[in-house]
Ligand code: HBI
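The chain below stands alone, shown as structure tokens; this is the form predicted alone.
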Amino acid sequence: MKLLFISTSVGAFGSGVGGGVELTIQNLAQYLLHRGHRVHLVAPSGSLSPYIPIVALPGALHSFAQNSDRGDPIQFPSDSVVAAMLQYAYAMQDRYDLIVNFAYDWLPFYLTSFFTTPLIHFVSMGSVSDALDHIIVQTGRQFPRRLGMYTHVQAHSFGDPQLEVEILGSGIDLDRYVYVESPADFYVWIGRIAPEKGLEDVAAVSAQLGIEVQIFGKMQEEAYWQECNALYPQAKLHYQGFFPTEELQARIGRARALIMTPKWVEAFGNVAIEALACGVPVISYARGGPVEIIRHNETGYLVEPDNIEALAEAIGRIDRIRRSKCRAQAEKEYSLEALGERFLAWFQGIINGAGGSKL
């Protein structure tokens, strides 16, 4: 297959600004290229990848959809990078069998019917905007099977039980993650430093229990980081930075557990499967994608959302989790091959004629 991927429009690919969807694109492309398919990625200027040939285009980056109010109208920068990426895709579409959009933006969905080469969409987040919800649902109704998502809980957030969606999950290159049987005495939290990730709750439980929590991820909002530390001055939070896969897994593998505290509906939670691959149990609020990843009482704990006491109680019994079961779950459910084959089946179905317009 000849495939053109359209990257996220919130930052350069490889910068970490795009969060988990960057990892998904990277891992998926790696598998497809290994299988002999051709994959190109169109992305904002400054984008880098060790695997994927990139067409980098200038243009103004878009703001994060989750940072706007639900009822806000759609707005575009005057020199929109997503418009530039779509213009390129439209001009080059005859060279490809399929165009796969990973940008969580209004314009790609709206333009679906204008392309002759099928334009399909991997939706990387749950519902955050009324206008985006409307165009995503409209696209799904008009073009059955053209929408792919991580999880069922993500799909349900859009409020249309009749919406036809391919549930594709995620996956990682397990060979790049080293299993660690014996942990050290610290915990980890991984994610963009932004309010929807709930870092303040980690600060609260750290202060309450006196535990060390190492923080990994893109420093998106410095003021928010300072606020979390000011609210809980006794917390033992240590910001480590943003690291590529090899360095990240080497640093988190010795953690007693990964703590996840999302304040929104996480579409998936790639950091959860990265932790499991290292043998690290996961403690998460029972909200969003982690609900479909973590096996409660076996590879971690799901606790009542926003309940600090429940979070603390789960941390207190983390040693009951066998780390070997965490790695075994990652190997069974989240391998690179499993990810790639799910996407290939979806792509092949579209190319063979499924997913055309109902109109």
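Note that this is a predicted model, so its numbers are computed, not measured. Quick note: we count residues from 1 along the sequence shown, nothing fancier.
Absent from the display: the form predicted in complex with 7,8-dihydrobiopterin (HBI). The rest refers to it.
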> Where, among 99-107, 239-247, 219-227, 170-178, do residues come within 4.5 Å of 7,8-dihydrobiopterin (HBI) in the predicted complex by heavy atom distance?
Replying inline: 99-107
> According to a 4.5 angstroms non-hydrogen atom cut-off, is residue 66 in contact with 7,8-dihydrobiopterin (HBI) in the predicted complex?
Replying inline: yes
> Is there a heavy atom of residue 125 no more than 4.5 Å from a heavy atom of 7,8-dihydrobiopterin (HBI) in the predicted complex?
Replying inline: yes
>> So, residue 19 and 7,8-dihydrobiopterin (HBI): in the predicted complex, are they within 4.5 Å at any heavy atom pair?
In response: yes
> Hey, in the predicted complex, is residue 62 touching 7,8-dihydrobiopterin (HBI), heavy atoms inside 4.5 Å?
Replying inline: yes
